[in-house]
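Single chain ahead, written as structure tokens, the form predicted on its own.
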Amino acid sequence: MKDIQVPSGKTGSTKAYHDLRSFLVTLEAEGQLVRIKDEVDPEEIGAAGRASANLKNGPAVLFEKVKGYANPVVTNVHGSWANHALMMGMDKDTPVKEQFLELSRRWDMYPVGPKRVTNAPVNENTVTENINIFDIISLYRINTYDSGCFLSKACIVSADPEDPTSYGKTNLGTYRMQVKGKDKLGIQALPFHDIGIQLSKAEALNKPVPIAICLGCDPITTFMASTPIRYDQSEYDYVGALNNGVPMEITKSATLGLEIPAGCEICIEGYIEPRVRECEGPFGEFPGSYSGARLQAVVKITAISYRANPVFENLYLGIPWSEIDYLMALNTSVPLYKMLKDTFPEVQAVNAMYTHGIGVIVSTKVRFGGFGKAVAMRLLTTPHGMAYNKIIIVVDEYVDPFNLEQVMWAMTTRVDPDKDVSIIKNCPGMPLDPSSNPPGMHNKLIIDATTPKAPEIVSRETELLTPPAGTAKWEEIISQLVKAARK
């Protein structure tokens, strides 16, 4: 880690990171990264990821020496709201709702095109013969009963087989990958994933899918790789937008010429083999349980490029909350909010932070009876919502969906179970959810916790309590007194 670079990018209150190393410098300076200098057994790294996620505002953990390997490992980089705020160049104490609003503002800056660079550090070293992934990457098993070592935080670049030169259709996504040999990987490409669409097109032509697997990217690029957007939209253009207008830097991969994040630590190039499936898993997944073993696609590795002393970044997955829940919280909430807002401008905010959007809370103004249910039905027709959203709670516009105490108040005082709870049977679902039966099919639950409006029968008028006059003044007085008492 001697060659860590200082942060670069736009000046002022916004920092934009072009690689992982510069972000690690910031995390350490802010007390959000700890170093383990003693040599550790690789089997202990998963436990450290779990332990750090158990702490409030847990830090990233950098392992400088991993037994049997030459290069360092870092985990829990996105694993707290403090790190999440720092990723966007905000104060580490920024509340979650403010981070949501700032992401929403930057989302509307799309598109911000990338800057193409040459001589990227990742292309300093390239191996194309006698490839052994274990020589370069300090691999480890994440959960006890995983079937082997997994890449849980890779940013995977792939092109559309029918339109391989299309910039917009080039996909950047995160999909779990099992290490199955020194030059062989398994990949989970589900039908509703963009890479699943590309694999289906390629297999219809009996062609392989060229891919570049990028490890250790800058934090916003990793964030966007797990964000649901339209198939023809560019993740790279969103990275520039979420970096507050600072273009992302991309470069050509060493052998296949795919456009990849220039700042990544490692780039594995290869092909998804057409019409080949092998047993993959079990793997400890984001719903907090093991996935079981399934037939999954196979990747043949043809080259590995890496910068000097490459840092392997991986994340822990387990019973929430763990790093993956922070990584896939607001980047699930904001795009769903934007999709709903397009057709229902009454929607105020969306909290889809629970298990990658399996649970969602929507805050909306209500124009007439049944409006809340209609908003929920729209959510279930979005590309991400169709497969992932299972339990949807709709609340009035004055209820903060990020404040669970307020949401429970709405549930307990607005819901008549006889008319406000709906079950929609036999819908698409997330196969990794153990309640999905059969895997990939769900029954959906809608709870309308909004206040009834005509023509729905309104049997009792409800007059809301408001804070007494002077509440804001007394909040300031009391907070200052508490602050002084704690000095």
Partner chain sequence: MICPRCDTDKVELLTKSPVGNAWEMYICNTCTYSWRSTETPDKTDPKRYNAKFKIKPESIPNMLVIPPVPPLKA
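Keep in mind it's a predicted model, so treat the numbers as computed, not measured. Positions refer to the first chain, counted from 1.
One more form of this protein should be noted, the form predicted in complex with its partner chain, which is absent from this view; the next part is about it.
With its partner chain left out of view, the stretch that reaches within 4.5 Å of it through heavy atoms in the predicted bound form is, among 151 to 159, 95 to 103, 135 to 143, 376 to 384, 135 to 143.
Proximity to its partner chain in the predicted bound form, defined as a heavy atom within 4.5 Å, singles out one entry of 341, 294, 252, 300, which is 294.
None of 425, 37, 56, 67 but one reaches within 4.5 angstroms of its partner chain in the predicted bound form through a heavy atom, and that residue is 67. Residues 43, 178 and 277 are all found to lie within 4.5 Å of its partner chain in the predicted bound form, as judged by heavy atom distances. Remark: residue 167 does not count among the residues lining its partner chain in the predicted bound form, judged by a heavy atom distance of 4.5 Å or less. Its partner chain is not drawn, but in the predicted bound form it has no heavy atom within 4.5 Å of residue 118. Using a 4.5 angstroms threshold between heavy atoms, residue 126 stays clear of its partner chain in the predicted bound form. Put simply, residue 204 is close to its partner chain in the predicted bound form: some heavy atom of it is within 4.5 Å.
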